[in-house]
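As C-alpha cells, one chain now follows by itself in the form predicted alone.
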C-alpha cells in the first residue's frame, strides 16, 4: 500500500484506479517496452519498421474505441469512419495548401478537427435523441457505409476540391499533373522544416512518441473526475442522471474526443502511405477495431493498444492466405469471449495481481 501511495503522490491521475498497472513493476515494464520499441530501427529491416509504424497507428484507433466503449459503455461501429474522414481531410487540405505554405501544419490539424465537427453533429443527434446500445452501433455503421458508398462514386473528374481529386476507388490524388502529390508529414517551425517520411525511422519515432503521449493523456483523463462520470454512464446512466449529471453531454464529449483520436490515426495513416481510399469506410475495418479492443480488453487503454498491435501483426502474417485472415481473427474473438470475456490483457493482468497479492500475504504470514 505504501508503494502505491508514493507513486500516487508523484504520478497523480496517471496512477488512478481506472487503468491497470499502478505499481513500480508496471511502470518499469512500461519504460522497458517503450525503450525496446524505440530501439527497433537499429536492428530491424526497413520493411518491418514501415509495418510496425502502421501497427502503432492502429493503436490510436484502438484507444478511441476503448475510451468510448470500454469507459463510457457506448459501442460505436463507426470509428473507421472518423479515421477515413481524418485521412481525407488531411489529404485535401495538404494538396491545396502545400504549394503556398510548403508544409502540412494546417492539414495535420484539419484531419483532427473535421472528424470532431462531424462527431459533434451526428453525436448531438444520437445522444439528444436518447439513442442507446445497439441503435448507436448500427447507426454509426450505416453512416460509415453511406460515406464509403459516396466516396466510391467520386471517380468523375467533377469531384475535385481545388487541387484535390477524390478519385473514387482509386483514392485521393492531385487534380492535375501540375499539382503536388499527396505529401508525408512536413512541419514548418519558423525557418526550419521537418519532414517525416512514412518510410523512414523518424516517422516511426514520431508515431511512437505521439502514441505514448496520447496514452498517458487518456490515463489522466479516465482517472480524473471526468473518468468517474464516464464509468457512471457505463454502469448506470439513469442513476448517474438522477445525481444531476447530463449524461447526454458526457457521452457527446467523449464521442468527440474519440473522434479526434480516430481522426489523428487517419492523418498518420494517410501520411504514412501517402494515399487514402474508400475501402476504409467498409464493414471489415469497423469490425476489426472492435475485435482488437475486445480481444485485448476494452476496459483498459494499454490492453486495447496491445490487442491492436498483436492482431495487426497476425493479420500481416496471414495476408498471403487471403480472406482466411479475417476468419482467424473472428475465431480468436470468439475464443477469447468464451475464455476471457473481459479480454486477454485484463484477464492476464488480474491473474498477475492476484498472484502478487497472494505472494505478499504468504510472505507476511511467514
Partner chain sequence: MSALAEKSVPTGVIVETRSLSKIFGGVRAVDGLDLSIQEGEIHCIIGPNGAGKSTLFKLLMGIERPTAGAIVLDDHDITHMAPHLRARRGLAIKFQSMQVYQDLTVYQNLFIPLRRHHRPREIPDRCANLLTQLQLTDTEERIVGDLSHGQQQWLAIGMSMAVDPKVLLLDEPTAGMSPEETRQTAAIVRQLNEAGVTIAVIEHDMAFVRDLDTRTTVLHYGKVFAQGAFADVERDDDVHRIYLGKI
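For clarity, every value in this text was computed on a predicted model and none was experimentally measured. Positions refer to the first chain, counted from 1.
In what follows, reference is made to the form predicted in complex with the partner chain, a form of this protein that is not presented.
- With the partner omitted from this view, the residue of 187, 228, 109, 215 that lies near the partner chain in the predicted complex is 228 [heavy atom within 4.5 Å].
- In the predicted complex, at least one heavy atom of residue 243 sits within 4.5 Å of the partner chain.
- A residue is said to contact a partner when one of its heavy atoms sits within 4.5 Å of a partner heavy atom; residue 248 meets this definition for the partner chain in the predicted complex.
- Although the partner is absent here, residue 156 is not a contact residue: none of its heavy atoms lies within 4.5 angstroms of the partner chain in the predicted complex.
- Remark: residue 253 does not count among the residues lining the partner chain in the predicted complex, judged by a heavy atom distance of 4.5 Å or less.
- Partner contacts here mean any heavy atom within 4.5 Å of the partner chain in the predicted complex, and among 234-242, 205-213, 67-75, 271-279 they occur only in 234-242.
- Contacts between 122-140 and the partner chain, taken as any heavy atom within 4.5 Å in the predicted complex, involve only 130.
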